[in-house]
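Before any questions on how it binds or moves, here is one chain, the form predicted alone, in structure tokens.
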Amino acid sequence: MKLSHKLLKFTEPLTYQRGWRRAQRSIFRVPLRPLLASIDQERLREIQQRYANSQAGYAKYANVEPWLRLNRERVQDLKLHRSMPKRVLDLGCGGGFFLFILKKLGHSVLGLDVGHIALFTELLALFGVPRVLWKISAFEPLPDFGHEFDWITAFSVNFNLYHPSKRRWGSAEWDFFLRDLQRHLAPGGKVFFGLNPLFDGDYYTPELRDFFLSRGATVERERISFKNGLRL
């Protein structure tokens, strides 16, 4: 690639934003070693041995270190390692890596997910992360959690997929969902979604992108961030 092309790419907003996040991660670090040291290594080895020869796709999560690295970046990008303690709800929490790190940083955490993957249940118990069993469905409200949250997050979003047709949610489904989330947000609460790509490689239709923007989101590729709350 020619130097002129490299310079042009660096001036693009997406390249700059991602580069700035990487720079901030290197400045405001979250050491990984203390996180790993706080895990019961004997229980972790037992879990890893049980899934060592498993052909299931989710077995990869038993190797916790790379997933802690990934979720450390998520914590850093949301600046939750530099904030006062918050109440955080993570939708589709999986094995609880993101919430485990937040818990170690002093935040109050709660996960929400379906419970059919035994490995995730074991990891959540290992990490001491609480979870509510629930399947998110279009036009159905979330359960009552008993209190409001300062942050509601969801990474690698999959709940917006109809099965078995694999059709994605449109503006109507997302509008209902965001209005329901609003009742779970504390004043000044924030929302972040990390979307999975569509089958054509995009993350949303132009219409859905306009919908997110109309509700007050900052849209950056797969990142849908409501830093100033929801505009409903």
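If you're wondering where the values come from, they're calculated on a predicted model, not measured in any experiment. Numbering starts at 1 and follows the sequence shown.
There is also a form predicted in complex with a small molecule; it is not shown, and the following applies to it.
Site annotation in the predicted bound form: the residue of Val88, Val129, Ile101, Leu112 reaching within 4.5 Å of the small molecule with a heavy atom is Leu112. Here is the short version: of Leu105, Leu78, Leu119, Ile136, the single residue with a heavy atom within 4.5 Å of the small molecule in the predicted bound form is Ile136.
Annotated contacts: Tyr61, Arg74 and Cys93 all touch the small molecule in the predicted bound form [non-hydrogen atom within 4.5 angstroms]. Within this chain, Phe149 is remote from the site of the small molecule in the predicted bound form, having no heavy atom within 4.5 Å. Remark: Ser83 does not count among the residues lining the small molecule in the predicted bound form, judged by a heavy atom distance of 4.5 Å or less.
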